[in-house]
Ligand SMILES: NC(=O)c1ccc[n+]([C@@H]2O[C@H](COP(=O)([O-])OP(=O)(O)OC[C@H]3O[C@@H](n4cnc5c(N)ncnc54)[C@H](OP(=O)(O)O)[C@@H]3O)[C@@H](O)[C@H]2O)c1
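One chain comes next, on its own, written out as structure tokens in the form predicted alone.
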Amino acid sequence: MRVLIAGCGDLGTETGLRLAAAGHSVVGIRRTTTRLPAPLIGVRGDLAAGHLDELPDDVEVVIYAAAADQRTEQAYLGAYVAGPRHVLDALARVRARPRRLLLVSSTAVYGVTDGSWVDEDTPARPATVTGEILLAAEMAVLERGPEPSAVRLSGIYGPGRTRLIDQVRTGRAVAPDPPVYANRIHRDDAADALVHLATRREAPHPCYLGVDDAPVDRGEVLRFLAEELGLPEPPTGPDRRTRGGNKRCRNDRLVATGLTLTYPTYREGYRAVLAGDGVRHP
């Protein structure tokens, strides 16, 4: 099967490598194709601007995994609204007829701030402009894409993503009081989820929440990391974040497809990060 991955950063590259290891031919779009590891086949392209080299005409599955390089309205519009349109237009020009399209989106489309539970049936009411753009991108893909599905990932962590660990190590971590619930998924599990949804026979549902099994108070994670590092517990204080909300996301629909998470909770995942497991792709 020929798979096109539009946006080969860390997550897109890892997804491509896993697909290739399973025997699939993987084409990856990236501005600098020399940074793509073998056996991925590079196609040079600027997704937001629409400057793409010619794509193969035998693509069967498209995974759109690009991310905005800034948290600005313009960057989000380019990455999530213009980018998918440019990819689908480029495929149409070579008369490619992919049968499936996965869009990597975000749980930021839910503007929930009261710690309540969220699943795919929860109305998506973004609380930010960037969340509104993500939701608009999903709607556009659902209208146009073949077997389209939006995979709403939560906070990705894993190799090279050590923000919370760094906060604990440097003494800057503050456990929010009152508690604030957050959701996360290890990079490897996010990649496995995309591979799984791209390759299973059954058509995907239009939406999945890509989170682990344990939505948890962020303070609990910080205290766990402090214990693992042999450091004092972080102090408590008001939540100082300016984004992220306060919600608990369910992954029942994704797990029901047969996906098994390698890191079902933050404990297994962060222990792997602390042990230096995995590779961060440039």
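These numbers come from a predicted model, not from an experiment. The first residue of the shown sequence is 1; numbering continues from there.
In what follows, reference is made to the form predicted in complex with the named molecule, a form of this protein that is not presented.
Original post:
At 4.5 angstroms, heavy atoms only, are Arg125, Ala191 and Cys249 all close to the named molecule in the predicted complex?
Top reply: None of them does, since no heavy atom lies within 4.5 Å of the partner.
**OP:** Identify which of Val211, Leu88, Val104, Ile133 has a heavy atom within 4.5 Å of the named molecule in the predicted complex; exactly one of them does.
**Re:** By the 4.5 Å heavy-atom cutoff, the listed residue in contact is Val104.
**OP:** Select from the listed residues Ile156, Val81, Val180, Leu142 the one whose heavy atoms reach within 4.5 Å of the named molecule in the predicted complex.
**Re:** The residue in contact is Ile156.
Original post:
Does Gly16 reach the named molecule in the predicted complex, with heavy atoms at most 4.5 Å apart?
Top reply: No, Gly16 stays farther than 4.5 Å from the named molecule in the predicted complex.
Original post:
Glu54: heavy atom within 4.5 Å of the named molecule in the predicted complex?
Top reply: Outside the cut-off, so no.
Original post:
Heavy atom to heavy atom, is Ala67 within 4.5 Å of the named molecule in the predicted complex?
Top reply: Output for Ala67 is yes: heavy atoms within 4.5 Å of the named molecule.
Original post:
Counting only non-hydrogen atoms and a 4.5 angstroms cut-off, does Arg241 reach the named molecule in the predicted complex?
Top reply: Heavy-atom contact with the named molecule at 4.5 Å: absent for Arg241.
Subject >> Stretch in contact, per heavy atom within 4.5 angstroms of the named molecule in the predicted complex, of 90 to 98, 198 to 206, 146 to 154, 111 to 119 >> reply: Only one stretch passes the 4.5 Å heavy-atom test: 146 to 154.
**OP:** Can you tell me which bits of 1 to 24 touch the named molecule in the predicted complex, meaning any heavy atom within 4.5 Å?
**Re:** Sequence-ordered list: Gly7, Cys8, Gly9, Asp10, Leu11, Gly12.
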